[in-house]
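Only one chain is given next, in structure tokens, and it is the form predicted alone.
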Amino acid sequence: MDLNPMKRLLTFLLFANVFNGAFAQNYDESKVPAYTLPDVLKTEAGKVVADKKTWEQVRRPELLKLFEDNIYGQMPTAFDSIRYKTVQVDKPAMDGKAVLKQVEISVFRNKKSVQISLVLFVPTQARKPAPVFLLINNRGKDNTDPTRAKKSEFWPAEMLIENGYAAAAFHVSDLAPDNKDTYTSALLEKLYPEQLTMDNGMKAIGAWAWGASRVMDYFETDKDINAKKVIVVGHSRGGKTSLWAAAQDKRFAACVSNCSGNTGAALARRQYGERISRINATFPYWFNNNYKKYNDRENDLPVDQHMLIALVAPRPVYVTNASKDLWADPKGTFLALKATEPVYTLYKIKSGLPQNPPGIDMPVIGSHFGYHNREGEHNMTNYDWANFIRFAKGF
């Protein structure tokens, strides 16, 4: 029997309060629980890692597998062939300062294929192959408009060109639409359907990172691009992806992770801002099935996000936050970056990071570590990109 309007309202409010209570997020530093981070330099057998050889041959592979099995899923590497088709060749752009290339990257496996559409601007004044920023675009495709009818701060291609960098971007929907009902429709169903049956199988973020590596395959064939200087960039969920892509694929020269928050560059064990239970409830298709076991159980995870950043070592890494984006835990992001210092020390690299998080709009930019907390909202802006460029010019 139907409830009367008042009872329906009361019932709705009751369930809403229960739901909101279950996913209540903490923004009070005094309520951050005591926690101990897992030791990035202690193997599963309890051995302390004291040199880069042990890191590279023992601990790094261990950590990579722990992240694969518990969070991001496997990263399949087998495919039958890959082909590149230049849809548009050397079209003058940006008042002659750049040339536009639009490239279709097709990857084949078991008689099926996926296509990645790459937008690429190369500076015309380059006297040698250009370094390149590769954006994993998780926003509307108009943010990386090849016609430049729309210019977005999210991808200021003109700024990159003026500073001598090529500007490249692909859209995540080519690999996995960012939707819980359709994310399987591209890469996963066509090339790797077996991943969908595994609890540690690849999901959307893994698919996007896989796509970044296929773009890297293309860069190695383009004489206008310096494939040794490819900087992979992502914002928010794209920033989670850029870290995972750089962790998996050592060919990326550096990584930029902008406002990536939970399961990106922020420490999970702080339980500040977005938590694992919330991200798994809202975006269950980003991470593998095993990750759901750690809902409200951050301390039981065998890893934390400082270990993901450490997998980029010894390459440069830049992570950011925005002052009004507490959801992404600015302090926890800085602390995660700081906690990777012991790994870089194995390579005799000093971080240059202060003991405490720097103030708003006070970027810390060293040879291998970069961090800033920009005034404003969850976004990627000209301010962010200007600092990424400053950072890149240092290596």
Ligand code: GCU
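All residue numbers refer to positions in the sequence shown, first residue = 1. Please read all numbers here as calculations on a predicted model, not as lab measurements.
We do not show the form predicted in complex with this ligand, though everything after this point is about it.
Engineer: This ligand in the predicted bound form: within 4.5 Å of a heavy atom of each of Lys91, Glu104 and Phe219?
Structural biologist: Per the other structure, none of Lys91, Glu104 and Phe219 touch this ligand.
Engineer: Exactly one of Arg237, His171, Arg270, Lys203 has a non-hydrogen atom within 4.5 Å of this ligand in the predicted bound form; which residue is it?
Structural biologist: When this ligand is considered in the predicted bound form, the option within 4.5 Å is Arg237.
Engineer: Of the options Met75, Ile279, Ala126, Leu100, which one has a non-hydrogen atom that comes within 4.5 Å of this ligand in the predicted bound form?
Structural biologist: Looking at the other structure, the residue within range turns out to be Ile279.
Engineer: Should Glu158 be counted as a contact of this ligand in the predicted bound form, where contact means heavy atoms within 4.5 Å?
Structural biologist: Looking in the predicted bound form, residue contacts with this ligand do not include Glu158, since no heavy atom lies within 4.5 Å.
Engineer: For Asp224, is any heavy atom within 4.5 Å of this ligand in the predicted bound form, or not?
Structural biologist: Taking the distances in the predicted bound form, the answer for Asp224 is no, it never comes within 4.5 Å of this ligand.
Engineer: Answer with yes or no whether Glu298 is in contact with this ligand in the predicted bound form, where contact means some heavy atom within 4.5 Å.
Structural biologist: So Glu298 does not count as contacting this ligand.
Engineer: Spell out, yes or no, whether the shortest heavy atom distance between Tyr344 and this ligand in the predicted bound form is within 4.5 Å.
Structural biologist: Contact with this ligand, no.
Engineer: With the partner removed from view, which of 114-122, 209-217, 282-290, 307-315 is the stretch that lies within 4.5 Å of this ligand in the predicted bound form, judged by heavy atom distances?
Structural biologist: Comparing against this ligand in the predicted bound form, the contact stretch is 282-290.
Engineer: Counting only heavy atoms, which residues in 355-379 are within 4.5 Å of this ligand in the predicted bound form?
Structural biologist: Going through 355-379 in order - heavy atoms within 4.5 Å of this ligand in the predicted bound form - there is one hit, His378.
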